[in-house]
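Take a look at this single chain in structure tokens; it is the form predicted alone.
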Amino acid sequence: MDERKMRILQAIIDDYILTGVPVGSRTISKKYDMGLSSATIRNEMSDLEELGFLDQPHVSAGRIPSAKAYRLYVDTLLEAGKIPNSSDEAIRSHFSGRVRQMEDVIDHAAQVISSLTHYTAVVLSPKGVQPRIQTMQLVPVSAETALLVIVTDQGMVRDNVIRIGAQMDSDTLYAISRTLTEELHGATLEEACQRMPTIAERVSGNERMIQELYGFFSEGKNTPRRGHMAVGGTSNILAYPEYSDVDKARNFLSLMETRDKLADIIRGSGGMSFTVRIGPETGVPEMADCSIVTAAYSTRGGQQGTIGVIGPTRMQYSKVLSILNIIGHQLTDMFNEE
């Protein structure tokens, strides 16, 4: 493909992403200063159609980009646009504050991504790796309750209010916190359950608290190994004319509700930093008119999670890649900070 054809193809893709309307040669001639006549552009568009880069939905209509054209656009035509610093800071401001529960951060990230892109967002926690305890602390809340705070190797915080003996003051709770950290440092929640008899011996006379700790660890170790998944903006896709067909929209929404399958689709990017799957490349019939863009983030323990965007094939790839890049780095920073 020569340079002129590539310029015309990029103009067609840019215009179709913006408007969703088939693009004709006169549109390109008027809107884009190429120094070419409509007849010349029309001939080049015919060649691009023969090469498989353009489709013509109706005989009298203009052309629309094919999945092959979007692939070329993403791989060679599209230079990843850098969002201005002000936008960068605005995105990061959505994640101000210290990390609390990993699940809460993931839920929030999905909502932020869908809000910024106007597409459907999916965020997955690392799969199949139980977090290991780094530190534990008991903070007095009332005469008979304390806040149990656990920091894990994945950079996340788990907390829960538990009942304690009325005789425990701040100094006692501090001493117990040191004992818990010594005994359970590096342990998973499942291993913590197994070590409770040893802890009970070292923290004698606090049966109520021991029972509360055991219950908390037991609940945590039974969390599904597939990890946590959050979906934001599920209905955003319905705003695009590609999904005005009722059956197509119904099939898409049904897939969004099939959480295990959706997680497999999003996580199918492997360990790559970014992936872009366009139309048929998704391998999912319900997503034949969609693209999936994913990025990775990592936790302190080295495990990788995934953030992704699902939208029509004419999505704004540059904007999506930039947003995912910023949020991926933001999540990595949050889950790795001390």
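In this text, all values refer to a predicted model and were calculated from it rather than measured experimentally. From 1 onward, residues are counted along the sequence shown.
Below, we turn to the form predicted in complex with the DNA, even though it does not appear here.
Residue stretch of 65-73, 40-48, 305-313, 288-296 approaching the DNA in the predicted complex, non-hydrogen atom distance within 4.5 Å: Of the stretches listed, the one contacting the partner is 40-48.
Contact test in the predicted complex: Q56 vs the DNA, heavy atoms, 4.5 Å: Although the DNA is absent here, Q56 would touch it in the predicted complex, with heavy atoms inside 4.5 Å.
Contact flag, L36 vs the DNA in the predicted complex, heavy atom cut 4.5 Å: Yes - in the predicted complex, heavy atoms of L36 and the DNA come within 4.5 Å of each other.
The DNA contact in the predicted complex: S25, any heavy atom under 4.5 Å: S25: contacts the DNA in the predicted complex.
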